[in-house]
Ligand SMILES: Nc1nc2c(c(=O)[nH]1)N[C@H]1C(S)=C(S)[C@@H](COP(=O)(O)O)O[C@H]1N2
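Before any questions on how it binds or moves, here is one chain, the form predicted on its own, in structure tokens.
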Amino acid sequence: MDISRRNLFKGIGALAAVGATASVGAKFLVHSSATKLARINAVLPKPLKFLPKPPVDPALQTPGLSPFFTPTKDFFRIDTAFIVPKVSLDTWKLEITGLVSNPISLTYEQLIARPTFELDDTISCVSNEVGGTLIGNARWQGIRLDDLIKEAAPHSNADQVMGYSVDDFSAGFPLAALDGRDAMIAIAMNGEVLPTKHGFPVRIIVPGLYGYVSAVKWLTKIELTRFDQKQGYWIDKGWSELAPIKLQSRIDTPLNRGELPTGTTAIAGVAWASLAGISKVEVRIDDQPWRSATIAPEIAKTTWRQWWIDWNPTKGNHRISVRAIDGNGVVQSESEVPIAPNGAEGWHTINVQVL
């Protein structure tokens, strides 16, 4: 790898702090105020059909379990922006160009005048380690991306959809991924206008793909192109062009290296797959046989599923592992695979002490 994603993000923060000046700060405050005003004035259109309200969240009865919808304030943020871009809706537009017969240019008002829909989708960063927190689930609202691409009439030799942010970040994914899955130009998140730090005014959401090839925030241009002609920001740094989200599971509670009293306690967490959904989750304590966990109702195959088991531990040190089985019967791999170049693999395993 030419550069570590994590080290880059740390470096970006340091450089931003060092490079801040009074004039830049003043300009930032002006743009920030304008963007906040634009968000306040933005009115979300009603989707063609509202998704049903999810059932009672198991997290309400299991302390430490991740809620089904990740609160927006807690949602992870990974990008390369030195400063969160501030976009003026007066000048912003979305262009669809490149290998197309019908280039498209839309203002924000024109875009949100189109039919919108809701999508429950779990998105993940490829930098998420086994058991990591760079993942979240939200209810998104937006415009169908495949409809816009079809309207632009891609040339027969186009095989890549490349998105560009207002600060020129780029990420591209296969045109073939627009296979009927509910990819969208998102304008809202968890029932509110898209927050500035999560991409206002619009971002791309493609179920089943890691964000580094798809989830462009502060989107301003989509280009139909070819993989043999252009590469997104992270691809020429050694990351894989094809980036399906891998089958994974995580233990939320108890915490690794935590201490527990004797008595009944819950082992709980979440599991997710690319597009196949989760059919089963199993937990192993020490060298005991695998136990099937209770899993929450499936809201959508594109979201994580919460799971839990009751445990009556004995005093001493214990090792807990989890694995998931997807909707196609594929069992999560035990083999430990590093993050680069296309996502980590392995069973999340923790150690706890019972007092």
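What you see is a predicted model, and the numbers here were worked out from it, not measured in a lab. Position 1 is the first residue in the sequence shown; the rest follow in order.
There is also a form predicted in complex with the ligand; it is not shown, and the following applies to it.
Between the ligand and the residues F82, F75, Y108, F227, the one pair within 4.5 Å by heavy atoms in the model of the complex involves F75. Here is the short version: of T116, S165, S274, T122, the single residue with a heavy atom within 4.5 Å of the ligand in the model of the complex is S165. A residue is said to contact a partner when one of its heavy atoms sits within 4.5 Å of a partner heavy atom; G269 fails this definition for the ligand in the model of the complex, lying far away. Among heavy atoms of H198, some come within 4.5 Å of the ligand in the model of the complex. For the chain shown alone, A215 is a contact residue for the ligand in the model of the complex, at least one non-hydrogen atom being within 4.5 angstroms. Contact annotation: W92 falls outside 4.5 Å of the ligand in the model of the complex, judged by heavy atom distances. Only one segment in the set 123 to 131, 276 to 284, 257 to 265, 92 to 100 has any non-hydrogen atom within 4.5 angstroms of the ligand in the model of the complex, and it is 123 to 131. Candidate site formed by F173, R181 and G208: none of these residues places a non-hydrogen atom within 4.5 angstroms of the ligand in the model of the complex. Of the residues in 137 to 163, none comes within 4.5 Å of the ligand in the model of the complex through any heavy atom.
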